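Next up is one chain by itself, shown in C-alpha cells, the form predicted alone.
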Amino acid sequence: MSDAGGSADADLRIAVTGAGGRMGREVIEAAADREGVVVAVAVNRTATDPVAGVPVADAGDLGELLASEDPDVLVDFTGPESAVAYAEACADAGVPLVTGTTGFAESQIDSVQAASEAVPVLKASNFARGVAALRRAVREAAAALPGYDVELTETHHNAKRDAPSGTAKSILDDVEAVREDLDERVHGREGDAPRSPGEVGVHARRAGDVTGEHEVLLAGNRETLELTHRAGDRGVFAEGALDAAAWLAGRDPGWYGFGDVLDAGGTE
C-alpha cells in the first residue's frame, strides 16, 4: 500500500474500511491533511478508485493486508454486517479497532464486543466533540429537571438508513439512565395521541444533504429547555475518529468509548 496519507516515518499507521463510502473517504482525506498519520491499508467491498492518492484494495483481502502491513489501528464506518466481520479480522490480526458504524442488532454488538477481549475496541455513535458535550449536558439537565417531558428530534440526509440515528439512541440511553420514570420510547405520533406518563418522544427526519442535527427538548413547570447540536460537515466526525485512533493505538484490550478520549484530553 502507498503511504500517500503521510510521510514514511509517521507515528500512526491506520487501516480504513469502507474507503469508497462517504465516511471512509472523509477519514482518508482527513488523514492526508494530518501530520503524523499514514493510511497503510484502505479497502472497500466494491472496486474503488484511489482516494486522496491511497490505493483501495478488495475488502475480502483485509485479513492478509492486516497481517502484511501491520497497521496501528483500523478505522471503520461501514454497515453492521461488515463491521462484525472487520472486528473479527482485527481480533485475529491483533489490530485495535475504532468503529463509528451504527444500526447494530444486539447480537451484532455482542460480536463486536467479543473482539475487545483480544484487542482494544472503541465504539462510538458519534465522534463530534460537541455531541459528547451535548450528551453530558443532557444527562445533567434531565437529572436536574425531574418530571419534565422529554422529546428528541434528529435530522439527517435522505440516504441515511438507520432511524433513529445511533447518536439519538445514545442520547436516549443517557436520559433513561438518569430518569427512571421515562421508560417508553414513542416514535412519532398519529391520530389521538396524548402524551402518556413514562414516555419519551422520538422523531427522525430525513431530508436533503443534512449532515446531522440532534435536539433535545425538556418542558415542564411553564418553561422549556432546548439543547441542540448541528454538524457542519462530515469532516468533524473524521477528525474525531482520527483522535480516537491515535488514543487507542497501543492500549490494552478492552471496550472503550469516545468519552474516554475526551476525558484523557484528546490524543496522546
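Residue numbers run from 1 along the displayed sequence. These figures come from a predicted structure and were not determined experimentally.
The same protein also exists as the form predicted together with a small molecule; that form is not shown, yet it is the one meant from here on.
Query raised in the report: Non-hydrogen atoms within 4.5 angstroms of the small molecule in the predicted bound form: do 160, 165 and 211 all have one?
Result: Yes, the whole candidate spot contacts the small molecule.
Query raised in the report: Heavy atom to heavy atom, is residue 135 within 4.5 Å of the small molecule in the predicted bound form?
Result: No, residue 135 is distant from the partner.
Report task. Classify residue 125 as contacting or not contacting the small molecule in the predicted bound form by the rule of any non-hydrogen atom within 4.5 angstroms, answering yes or no. Result -> Yes - in the predicted bound form, heavy atoms of residue 125 and the small molecule come within 4.5 Å of each other.
**Report entry** residue 102, heavy atom within 4.5 angstroms of the small molecule in the predicted bound form
**Finding:** Yes, contact at 4.5 Å.
Query raised in the report: Which one, 165 to 173, 179 to 187, 114 to 122, 142 to 150, holds residues whose non-hydrogen atoms are within 4.5 Å of the small molecule in the predicted bound form?
Result: Selected range: 165 to 173.
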